Every structure is written in C-alpha cells, then in structure tokens.
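Just the one chain here, the form predicted on its own, laid out as structure tokens.
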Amino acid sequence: MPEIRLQSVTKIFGRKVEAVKDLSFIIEDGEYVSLIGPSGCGKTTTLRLLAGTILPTQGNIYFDNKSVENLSIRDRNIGFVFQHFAIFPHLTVWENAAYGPRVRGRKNSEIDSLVDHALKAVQIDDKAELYPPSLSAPDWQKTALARVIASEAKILLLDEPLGALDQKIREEFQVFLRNLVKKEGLTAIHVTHDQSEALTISDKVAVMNKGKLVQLGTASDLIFTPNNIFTSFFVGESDFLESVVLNDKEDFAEVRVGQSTIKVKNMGISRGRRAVVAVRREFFKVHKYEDKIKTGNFLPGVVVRDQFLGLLRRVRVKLENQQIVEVKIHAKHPIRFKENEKVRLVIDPSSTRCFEYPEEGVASALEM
C-alpha cells in the first residue's frame, strides 16, 4: 500500500492560471482521503496530477518516496473510476475486468485468477457473462472497480464516482466502496462535491479553496475543531459573529458582540483584538426572551422567520447589531416562533471557535 506525498506542487495553465498553488500533504498507506471544495478549487487538477495526465509546473509528487514525475500513467500502478461509467459496452463484465491484466501481458491462467478475485470482491461474479447495457448503474460502477482490482493497482483515484447514482443507492454504495478499499488494501483519493459523502466515507478529508489546501483532517476535526474560518464556513453551516476580545486569561475568553458579552473557547487571541466567533447553526439554542435561562451566555434578538423544512426548522434571528443568524432546530421543537418576537440565542462556549479577524475582512476570507 503506497504512501502518497505532494511537496510544494503548483500547476499553472497557460501563463497565469494557477489551478493548484504550493500544495503539500501526505496520504498515508491505506488511507481513504476525499478532496472537497468549491468548483474550480483544484480538486480535479490534483487528481490529474496524481494520475500523470498532467505534470506539475513546480514541486514533486512521491509514491513511497519515489518521485513519479517521469513515470508514465501505466507505470504509476493506479486505477481510475469516474462519475460516467468508463467501461466497454461491447465487452462482458468478465472481459472488462480482464482488460487491464491482458494489456499488461499477464498469462491466461493469471488473468483468470485476477478476474475471478476481482468479480468476487465487488460482488458481481454471478454477472460475469453479461454485457453492460443489461446492468444496473451500481453494477456498471462495480465493473469499473473490478477492472481496477484485476489490474493490481494499489492506488485508486475516484472522480465523483457516485454522482450518477440515486440517493438511496448512493448511501449504500458509500459503505460498500469504503469496505472494498480497506479489504483490498488500496490507497484511495476521492473527489466529490457531496460533503456528507466525503465525511462518511473517508479517513481524512482535504478542504481546498482557490488552488490551496485549507485543512486536512478527520470528519470530527473539520466539524468540531476547524483550524480556520474558511473550513468553518465551508464544511456544514456556521454563522460568524464579529467581536472584540475583552478577557483572554481563562479557558473561555470573554468577547463583546454588539452590546452583549459572551464567553467563547479561548484560542489565544489577545485582549483588545478583533475576532470572529464561529458557531454552527445546529449548536445555537433559541428561547423566548422571557424564559428563565441559567446561563448568561446569550444574545438577544428578534425573529425574522421560522421556516419548516421537513425534519428541520430554520429560525432566522436579527441580533441587536442588526446581523441576521440562522438556527437549525428539530421540526418537533415545542415552540413555534412568531415574526418580530423577542428571543435570546443561547450559546454553549465549548461549541464555539474564535478566530483572529482576517486582515482582508470576513467576506474576502470566505470568498470561493
């Protein structure tokens, strides 16, 4: 199982377009890593660099400490699975899986063994003699995976591989795909626009923006301990409260938001400095203004809208500083809030993240 390392990799198209900028990270042996980020952030370019279909303008890519810039696609020992099923419709499932080892010049007995193993691994050995037009969409993708396994690739590159599947099937296939990668001892890099897919299926997730790596971490890291304002913004949903630090000496710092003071997790921002407090929308709690609240960690405001959205409701609240934040609560929350009703947003200090106010401003820092 190969380790993959990108070291200061930059890819420039034409004279000015930097699709990937100074990209450095390590994918450990046997890890399943997903790349997420807004459209045009460099995810697919990174995948193409790993595949060898394009070469870096600067920097190096290593597989097991061996530089691969001069290796052909064939010699990189990789398999590629796309959103649009890249298999041969005129060949049977068995013949599709046999294509890789046959091109590599393996003996017939070896091809038989490799294909039999691959088809059993993806659970379509009973469909070996069928042609792709008679298969379901999941079986098309299983055939593509069988071809990778039969070719003895140790690196699996996946570009939106589940994008053409229905939601219910897609969720089931996520579990199947992860189990397959682990059982076969592959190192997998998976590009997707579906955050829930990435967070569910991966050991680690790389968040990218504007060609740069923003954060690489586990799903828990990205949701509960994002290390920068963009990750907090992009992964899931958060609101950002502009503030000033009043007390930086305790585990929970005091900050001023508008005319109110709240406690937030102390992340080392000095007293008097401007800060941005990130709170995930599901971590807010909203109470009627007259409710007796044990904690003083709240912000007063008025309800703009209480909207029903299936299993969730979204309550939009305008704070005293005129900022509008959104709270996600369960659809069966016992209280229905009225427009212009006075409320208080209760904030658990341990569920906050407090970032230094970005030099370029909040809007620019969150720009995609």
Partner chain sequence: MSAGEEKPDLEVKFRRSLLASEKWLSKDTVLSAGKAVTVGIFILIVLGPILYLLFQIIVSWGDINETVFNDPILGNEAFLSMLRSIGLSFEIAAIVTVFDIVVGVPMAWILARYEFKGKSILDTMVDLPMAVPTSALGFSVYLFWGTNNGISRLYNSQVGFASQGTLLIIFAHVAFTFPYVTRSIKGIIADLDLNLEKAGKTLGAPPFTIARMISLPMVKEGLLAGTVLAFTRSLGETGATLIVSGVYQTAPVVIVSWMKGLKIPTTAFLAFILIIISLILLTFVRLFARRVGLPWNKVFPRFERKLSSKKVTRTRNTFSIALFLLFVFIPALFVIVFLFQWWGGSPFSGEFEAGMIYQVFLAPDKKINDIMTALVTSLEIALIVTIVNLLIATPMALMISKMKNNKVKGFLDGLIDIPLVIPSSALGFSIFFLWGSNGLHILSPGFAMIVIAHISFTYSYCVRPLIGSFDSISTMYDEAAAAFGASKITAFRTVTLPFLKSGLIAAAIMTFTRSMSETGATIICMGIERTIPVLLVDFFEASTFPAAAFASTILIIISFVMLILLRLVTRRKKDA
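C-alpha atoms forming the largest set that superposes within 1.5 Å between two forms make up the rigid core. Numbering follows the first chain given and starts at 1. Computed from a predicted structure; not experimentally measured.
Just so it is clear, the following notes concern the form predicted together with the partner chain, a form of the same protein that is not shown.
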item	value
Segment assignment from 179-187, 92-100, 267-275, 208-216: heavy atom within 4.5 Å of the partner chain in the predicted bound form	92-100
Distance check, Gly105 to the partner chain in the predicted bound form, heavy atom within 4.5 Å	yes
In the predicted bound form, Lys142 touching the partner chain (heavy atom, 4.5 Å)	no
is_contact(Ser134, the partner chain) in the predicted bound form, heavy atom dist at most 4.5 Å	no
Distance check, Phe252 to the partner chain in the predicted bound form, heavy atom within 4.5 Å	no
Option touching the partner chain, based on a heavy atom within 4.5 Å in the predicted bound form, out of Leu119, Ile78, Leu241, Ile262	Ile78
Proximity to the partner chain in the predicted bound form, single hit among Asn65, Asn340, Thr53, Asn70 (heavy atom within 4.5 Å)	Thr53
The partner chain in the predicted bound form - contacting residues of 147-178, heavy atom within 4.5 Å	Arg147, Val148, Ser151
Per-residue C-alpha change between the shown form and the other one, Leu91, threshold 2 Å, rigid core fit	yes
Large Cα move at Pro132 between the shown form and the other one, threshold 2 Å, rigid core	yes
